[in-house]
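As structure tokens, one chain now follows by itself in the form predicted on its own.
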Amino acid sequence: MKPGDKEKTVRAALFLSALSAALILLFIVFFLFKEALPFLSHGDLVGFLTGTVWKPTANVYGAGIFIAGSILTTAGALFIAVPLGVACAVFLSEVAPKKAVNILRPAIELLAGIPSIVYGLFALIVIVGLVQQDLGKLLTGDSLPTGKGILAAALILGVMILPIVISISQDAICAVPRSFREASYALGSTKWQTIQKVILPGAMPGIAAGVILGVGRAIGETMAVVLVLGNVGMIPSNILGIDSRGETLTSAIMLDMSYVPVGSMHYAALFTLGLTLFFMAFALSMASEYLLAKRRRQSKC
């Protein structure tokens, strides 16, 4: 085979690989639309997205309780993961010695490889018990009726998205040009002033992209959330106790799909939940890609 023919073959193979990824995505979207079409054709989409009652037996489908549960658990996870993740990224990039970085970075990346069911079991046994017993006695003087709820779900999701936030934030901080640091030091700034006023603002698009990717991971998580959130069809009104229980989009799909009749309106409504989740994740992915591209452009300046 001539060198030119070999190059064309490699290009064609690479093109087919890229095309297959796009086709798989299109097939998934097509499948979701196909299965959700009966509900999309006959159901009230606005009422579906804003409704707070989910009673398939009465043909009432309000996904608002699940959307609220997903948003609340994700917001709680961000409240925990973003400060810790960015602080850890700053430490690894600007403060820690190289030996410490070589030890900590692989350990952080290992967190991303732990299966979600393992996180869920840990949360069910350890975090739920801590919330119910220790935190309950600390705040109320007695154990709480249950440790399952928004707080337990937010804690475990925060741990699960930490590796994403740390890794991308560290890469963004390292991508800030060295000349920015040297210029800041030349003007008499301290190390902390340089980090606060120069490095973090310069890395902000990449940090934001990492946070958005973390949101995508948290909002799409299923097993860990199912085990610790309580799975009650209501909007949580507290972060502790019985009133903190709820249900997310992913847990509603998983729990209902096991018994729902195929082809029923309930079945189509569950696929509409899947479409809702898909578009939320897609929007987050596009926002993250935009911010990462912006960071890359800035790093070339």
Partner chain sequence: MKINGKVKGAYLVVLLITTLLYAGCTGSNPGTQKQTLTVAGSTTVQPIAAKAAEAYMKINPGVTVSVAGGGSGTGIKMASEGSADIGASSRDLTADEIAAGNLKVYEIADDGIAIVVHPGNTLSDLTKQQIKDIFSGKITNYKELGGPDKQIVVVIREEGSGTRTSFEDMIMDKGKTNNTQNAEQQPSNGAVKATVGSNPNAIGYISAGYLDGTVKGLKIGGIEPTRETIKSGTYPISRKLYMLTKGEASGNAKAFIDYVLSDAGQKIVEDEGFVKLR
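This one's a predicted model, so the numbers in the text were calculated from it and none came from an experiment. Positions refer to the first chain, counted from 1.
The form predicted in complex with its partner chain exists for this protein as well; it is not shown, and the discussion that follows is about that form.
Colleague: What is the one choice in L40, V260, I239, A68 with a heavy atom within 4.5 Å of its partner chain in the predicted complex?
Modeller: Exactly one listed residue reaches within 4.5 Å, namely V260.
Colleague: Report the residue, out of L144, L78, V176, M160, that has at least one non-hydrogen atom within 4.5 angstroms of its partner chain in the predicted complex.
Modeller: Contact residue from the list: L144.
Colleague: Its partner chain is absent from this chain, but in the predicted complex, do V82, R105 and Q196 each have a non-hydrogen atom within 4.5 Å of it?
Modeller: Answer is no for this spot.
Colleague: Examine G233 and determine whether its closest non-hydrogen atom to its partner chain in the predicted complex is within 4.5 angstroms.
Modeller: Result yes; G233 sits at the interface with its partner chain in the predicted complex.
Colleague: Given that the partner is absent here, does K6 sit within 4.5 Å of its partner chain in the predicted complex, heavy atoms only?
Modeller: Contact check for K6: yes, within 4.5 Å of its partner chain in the predicted complex.
Colleague: Applying a 4.5 Å heavy atom distance criterion, does G64 contact its partner chain in the predicted complex?
Modeller: G64 lies outside the contact set for its partner chain.
Colleague: Can any non-hydrogen atom of Q132 be found within 4.5 angstroms of its partner chain in the predicted complex?
Modeller: So Q132 counts as contacting its partner chain.
Colleague: Mind telling me which stretch in 182-190, 199-207, 164-172, 225-233 gets its heavy atoms within 4.5 Å of its partner chain in the predicted complex?
Modeller: Every other range fails; the passing one is 225-233.
Colleague: Could you run down 51-69 and flag each residue that has a heavy atom within 4.5 Å of its partner chain in the predicted complex?
Modeller: Those in contact are K55, P56, T57.
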